[in-house]
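Just one chain follows, in the form predicted on its own, and it is written as C-alpha coordinates.
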(Lines give C-alpha, C1' and ligand atoms only; values in the text may rest on other atoms or scores of the structure.)
Protein backbone atom coordinates (compact mmCIF):
# COMPACT_ATOMS: atom_id res chain seq x y z
CA UNK A 1 0.00 0.00 0.00
CA UNK A 2 2.91 2.40 0.55
CA UNK A 3 3.56 2.35 -3.20
CA UNK A 4 -0.09 2.93 -4.08
CA UNK A 5 -1.09 6.38 -5.30
CA UNK A 6 -3.12 9.12 -3.69
CA UNK A 7 -6.40 9.46 -5.58
CA UNK A 8 -7.89 12.93 -6.04
CA UNK A 9 -11.02 13.91 -7.93
CA UNK A 10 -12.92 17.09 -8.76
CA UNK A 11 -15.51 18.31 -11.23
CA UNK A 12 -12.88 19.94 -13.45
CA UNK A 13 -9.62 21.83 -13.16
CA UNK A 14 -10.26 23.24 -9.68
CA UNK A 15 -8.84 20.18 -7.96
CA UNK A 16 -5.43 21.03 -9.39
CA UNK A 17 -5.14 23.44 -6.46
CA UNK A 18 -5.32 20.37 -4.22
CA UNK A 19 -2.82 18.48 -6.39
CA UNK A 20 -0.38 21.39 -6.01
CA UNK A 21 -0.85 21.52 -2.23
CA UNK A 22 -0.45 17.74 -1.86
CA UNK A 23 2.73 17.80 -3.96
CA UNK A 24 4.13 20.49 -1.66
CA UNK A 25 3.22 18.57 1.51
CA UNK A 26 4.04 15.08 0.18
CA UNK A 27 6.55 15.47 -2.66
CA UNK A 28 7.35 11.74 -3.01
CA UNK A 29 3.79 10.46 -3.33
CA UNK A 30 2.28 9.25 -6.60
CA UNK A 31 -0.94 11.08 -7.51
CA UNK A 32 -3.84 9.99 -9.72
CA UNK A 33 -6.13 12.90 -10.54
CA UNK A 34 -9.52 12.70 -12.24
CA UNK A 35 -11.22 15.87 -13.47
CA UNK A 36 -14.80 15.33 -14.65
CA UNK A 37 -14.51 17.99 -17.34
CA UNK A 38 -17.43 16.56 -19.35
CA UNK A 39 -19.92 17.30 -16.55
CA UNK A 40 -18.50 20.44 -14.88
CA UNK A 41 -19.88 22.38 -13.03
CA UNK A 42 -21.39 20.27 -10.24
CA UNK A 43 -22.62 23.24 -8.17
CA UNK A 44 -25.94 23.91 -9.98
CA UNK A 45 -26.87 20.21 -10.21
CA UNK A 46 -29.42 18.42 -8.01
CA UNK A 47 -28.31 16.42 -4.99
CA UNK A 48 -29.36 13.16 -6.70
CA UNK A 49 -27.15 13.97 -9.70
CA UNK A 50 -24.21 15.05 -7.54
CA UNK A 51 -24.37 11.80 -5.56
CA UNK A 52 -24.39 9.78 -8.80
CA UNK A 53 -21.38 11.72 -10.08
CA UNK A 54 -19.58 11.13 -6.78
CA UNK A 55 -20.04 7.37 -7.14
CA UNK A 56 -18.82 7.49 -10.76
CA UNK A 57 -15.74 9.54 -9.86
CA UNK A 58 -14.84 7.25 -6.99
CA UNK A 59 -15.20 4.16 -9.19
CA UNK A 60 -12.83 5.76 -11.72
CA UNK A 61 -10.10 6.24 -9.10
CA UNK A 62 -10.63 2.82 -7.50
CA UNK A 63 -9.37 1.21 -10.73
CA UNK A 64 -5.89 2.44 -9.70
CA UNK A 65 -5.99 0.94 -6.18
CA UNK A 66 -5.33 4.18 -4.27
CA UNK A 67 -4.29 4.15 -0.61
CA UNK A 68 -6.41 7.24 0.15
CA UNK A 69 -8.97 9.29 -1.75
CA UNK A 70 -9.21 13.07 -1.49
CA UNK A 71 -12.52 14.63 -2.48
CA UNK A 72 -11.30 17.92 -3.94
CA UNK A 73 -14.84 19.01 -4.82
CA UNK A 74 -16.57 21.02 -2.09
CA UNK A 75 -19.98 20.23 -3.57
CA UNK A 76 -19.35 16.48 -3.27
CA UNK A 77 -17.78 16.99 0.18
CA UNK A 78 -20.98 18.74 1.26
CA UNK A 79 -23.57 16.44 -0.29
CA UNK A 80 -22.04 13.06 -1.08
CA UNK A 81 -19.02 12.28 1.09
CA UNK A 82 -20.88 9.27 2.50
CA UNK A 83 -21.23 7.86 -1.02
CA UNK A 84 -17.46 8.11 -1.53
CA UNK A 85 -16.76 6.47 1.84
CA UNK A 86 -19.10 3.54 1.09
CA UNK A 87 -17.57 3.06 -2.35
CA UNK A 88 -14.04 2.98 -0.94
CA UNK A 89 -14.53 0.33 1.71
CA UNK A 90 -11.53 0.33 4.07
CA UNK A 91 -9.59 3.02 2.15
CA UNK A 92 -9.44 6.33 4.06
CA UNK A 93 -11.33 9.28 2.58
CA UNK A 94 -10.86 12.96 3.32
CA UNK A 95 -12.59 16.00 1.87
CA UNK A 96 -11.74 19.65 1.49
CA UNK A 97 -14.80 20.88 3.39
CA UNK A 98 -14.04 19.56 6.88
CA UNK A 99 -10.35 20.46 6.55
CA UNK A 100 -11.20 24.03 5.52
CA UNK A 101 -13.80 24.39 8.26
CA UNK A 102 -11.32 23.25 10.91
CA UNK A 103 -8.69 25.75 9.76
CA UNK A 104 -11.19 28.63 9.59
CA UNK A 105 -12.33 27.95 13.15
CA UNK A 106 -8.73 28.04 14.33
CA UNK A 107 -7.82 31.25 12.46
CA UNK A 108 -10.77 33.59 13.14
CA UNK A 109 -10.25 36.09 15.93
CA UNK A 110 -13.66 37.79 16.02
CA UNK A 111 -15.74 34.63 15.39
CA UNK A 112 -17.20 35.93 12.12
CA UNK A 113 -16.34 33.72 9.16
CA UNK A 114 -17.38 34.18 5.55
CA UNK A 115 -17.79 31.26 3.14
CA UNK A 116 -18.06 31.52 -0.63
CA UNK A 117 -18.99 28.49 -2.72
CA UNK A 118 -21.25 26.98 -5.35
CA UNK A 119 -25.03 27.16 -5.07
CA UNK A 120 -25.17 23.54 -3.89
CA UNK A 121 -22.48 23.98 -1.22
CA UNK A 122 -23.97 27.21 0.14
CA UNK A 123 -27.54 25.86 0.09
CA UNK A 124 -26.46 22.80 2.07
CA UNK A 125 -25.00 25.01 4.85
CA UNK A 126 -22.37 22.29 5.23
CA UNK A 127 -19.60 24.75 6.10
CA UNK A 128 -21.74 26.47 8.71
CA UNK A 129 -22.58 23.14 10.34
CA UNK A 130 -18.97 21.93 10.23
CA UNK A 131 -17.58 25.17 11.68
CA UNK A 132 -20.24 25.32 14.43
CA UNK A 133 -19.48 21.73 15.42
CA UNK A 134 -16.01 22.99 16.27
CA UNK A 135 -17.08 26.29 17.82
CA UNK A 136 -20.79 27.08 18.13
CA UNK A 137 -20.05 30.75 18.89
CA UNK A 138 -18.74 31.41 15.36
CA UNK A 139 -21.18 33.21 13.06
CA UNK A 140 -20.91 31.95 9.47
CA UNK A 141 -22.01 34.18 6.59
CA UNK A 142 -22.24 32.44 3.22
CA UNK A 143 -22.42 33.70 -0.36
CA UNK A 144 -22.88 31.69 -3.55
CA UNK A 145 -20.55 32.70 -6.40
CA UNK A 146 -21.64 30.45 -9.29
CA UNK A 147 -19.86 32.34 -12.06
CA UNK A 148 -16.43 31.87 -10.45
CA UNK A 149 -16.22 28.26 -11.69
CA UNK A 150 -16.68 28.99 -15.41
CA UNK A 151 -14.36 32.00 -15.12
CA UNK A 152 -11.66 29.77 -13.63
CA UNK A 153 -12.30 27.07 -16.25
CA UNK A 154 -11.77 29.68 -18.99
CA UNK A 155 -8.53 30.88 -17.42
CA UNK A 156 -9.88 34.39 -16.74
CA UNK A 157 -7.54 34.84 -13.78
CA UNK A 158 -7.09 38.61 -14.04
CA UNK A 159 -9.82 39.51 -16.51
CA UNK A 160 -11.84 42.75 -16.07
CA UNK A 161 -15.06 40.70 -16.10
CA UNK A 162 -13.75 38.61 -13.19
CA UNK A 163 -13.01 41.75 -11.18
CA UNK A 164 -16.49 43.16 -11.80
CA UNK A 165 -18.20 39.90 -10.85
CA UNK A 166 -16.02 39.51 -7.73
CA UNK A 167 -16.92 43.03 -6.61
CA UNK A 168 -20.62 42.23 -7.08
CA UNK A 169 -20.49 38.90 -5.25
CA UNK A 170 -18.27 39.98 -2.35
CA UNK A 171 -19.66 43.44 -1.58
CA UNK A 172 -22.30 42.29 0.92
CA UNK A 173 -20.32 39.58 2.68
CA UNK A 174 -17.33 41.88 3.34
CA UNK A 175 -19.65 44.41 5.00
CA UNK A 176 -20.69 41.84 7.63
CA UNK A 177 -17.50 42.26 9.70
CA UNK A 178 -15.86 38.96 8.81
CA UNK A 179 -12.15 38.56 9.52
CA UNK A 180 -11.80 35.20 7.72
CA UNK A 181 -13.03 34.08 4.29
CA UNK A 182 -13.16 30.41 3.26
CA UNK A 183 -12.75 29.66 -0.44
CA UNK A 184 -15.39 26.94 -0.40
CA UNK A 185 -14.71 25.66 -3.89
CA UNK A 186 -11.40 24.37 -5.22
CA UNK A 187 -11.78 26.46 -8.36
CA UNK A 188 -11.73 29.67 -6.33
CA UNK A 189 -8.01 29.68 -5.39
CA UNK A 190 -7.33 30.01 -9.12
CA UNK A 191 -8.98 33.46 -8.79
CA UNK A 192 -7.36 34.16 -5.40
CA UNK A 193 -5.52 37.32 -6.50
CA UNK A 194 -8.76 39.01 -7.61
CA UNK A 195 -10.60 37.82 -4.49
CA UNK A 196 -7.85 39.14 -2.19
CA UNK A 197 -7.81 42.50 -3.97
CA UNK A 198 -11.58 42.73 -3.64
CA UNK A 199 -11.93 41.89 0.08
CA UNK A 200 -8.78 43.69 1.23
CA UNK A 201 -5.76 42.68 3.35
CA UNK A 202 -7.59 42.73 6.69
CA UNK A 203 -9.50 39.53 5.84
CA UNK A 204 -7.62 36.22 6.08
CA UNK A 205 -8.20 33.87 3.14
CA UNK A 206 -8.58 30.16 3.92
CA UNK A 207 -7.60 27.85 1.06
CA UNK A 208 -9.03 24.42 1.87
CA UNK A 209 -6.52 22.82 -0.53
CA UNK A 210 -3.68 23.53 1.90
CA UNK A 211 -5.76 22.29 4.83
CA UNK A 212 -6.70 18.99 3.17
CA UNK A 213 -3.09 18.39 2.09
CA UNK A 214 -1.94 18.64 5.71
CA UNK A 215 -4.80 16.36 6.81
CA UNK A 216 -3.78 13.82 4.17
CA UNK A 217 -0.23 13.80 5.49
CA UNK A 218 -1.55 13.20 9.02
CA UNK A 219 -3.75 10.28 7.89
CA UNK A 220 -0.99 8.59 5.88
CA UNK A 221 1.51 9.04 8.71
CA UNK A 222 -0.91 7.56 11.29
CA UNK A 223 -1.61 4.59 9.01
CA UNK A 224 2.07 4.02 8.17
CA UNK A 225 1.34 4.51 4.47
CA UNK A 226 3.80 7.24 3.51
CA UNK A 227 5.81 6.51 0.35
CA UNK A 228 8.97 4.57 1.10
CA UNK A 229 10.84 5.87 -1.98
CA UNK A 230 12.32 9.35 -2.40
CA UNK A 231 11.53 9.84 -6.07
CA UNK A 232 9.33 12.74 -7.10
CA UNK A 233 6.83 11.86 -9.84
CA UNK A 234 4.47 13.85 -12.04
CA UNK A 235 0.73 13.31 -11.48
CA UNK A 236 -1.20 10.90 -13.69
CA UNK A 237 -4.03 13.05 -15.03
CA UNK A 238 -7.40 11.74 -16.23
CA UNK A 239 -10.23 13.80 -17.71
CA UNK A 240 -13.64 12.96 -19.15
CA UNK A 241 -13.45 15.62 -21.91
CA UNK A 242 -11.22 18.27 -23.53
CA UNK A 243 -7.75 16.91 -22.64
CA UNK A 244 -5.97 19.55 -24.74
CA UNK A 245 -7.67 22.41 -22.94
CA UNK A 246 -6.95 20.76 -19.60
CA UNK A 247 -3.26 20.50 -20.49
CA UNK A 248 -3.08 24.20 -21.34
CA UNK A 249 -4.81 25.21 -18.12
CA UNK A 250 -2.56 22.86 -16.14
CA UNK A 251 0.46 24.78 -17.40
CA UNK A 252 -1.17 28.09 -16.51
CA UNK A 253 -2.19 27.15 -12.97
CA UNK A 254 0.63 24.80 -11.98
CA UNK A 255 3.52 26.67 -13.60
CA UNK A 256 5.08 23.49 -14.93
CA UNK A 257 5.51 21.71 -18.23
CA UNK A 258 2.56 20.30 -20.13
CA UNK A 259 1.68 16.85 -18.75
CA UNK A 260 0.23 13.82 -20.50
CA UNK A 261 -3.52 13.87 -20.01
CA UNK A 262 -5.53 10.69 -20.54
CA UNK A 263 -9.09 10.91 -21.85
CA UNK A 264 -11.36 8.40 -20.07
CA UNK A 265 -15.03 7.50 -20.27
CA UNK A 266 -17.03 7.84 -17.07
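Positions refer to the first chain, counted from 1. Throughout, rigid core stands for the largest set of C-alpha atoms superposing within 1.5 Å between the two forms. Keep in mind that what you see is a predicted model, and the values were worked out from it rather than measured.
Although it is not shown, the form predicted together with another copy of the chain is what the next lines describe.
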property: Contact of residue 41 with another copy of the chain in the predicted bound form (heavy atom, 4.5 Å); result: yes
property: is_contact(residue 233, another copy of the chain) in the predicted bound form, heavy atom dist at most 4.5 Å; result: no
property: Partner contact for residue 150 in the predicted bound form: another copy of the chain, 4.5 angstroms, heavy atom; result: yes
property: 4.5 angstroms heavy atom contact with another copy of the chain in the predicted bound form for residue 165; result: yes
property: Another copy of the chain: the contacting residue among 82, 154, 106, 179 in the predicted bound form [heavy atom, 4.5 Å]; result: 154
property: Interface residue in the predicted bound form among 46, 229, 221, 65, criterion: non-hydrogen atom within 4.5 angstroms of another copy of the chain; result: 46
property: Residue stretch of 84-92, 98-106, 142-150, 185-193 approaching another copy of the chain in the predicted bound form, non-hydrogen atom distance within 4.5 Å; result: 142-150
property: Heavy atom contacts to another copy of the chain in the predicted bound form at 4.5 Å, residues of 90-124 in sequence order; result: 119, 120, 123
property: Large Cα move at residue 159 between the shown form and the other one, threshold 2 Å, rigid core; result: yes
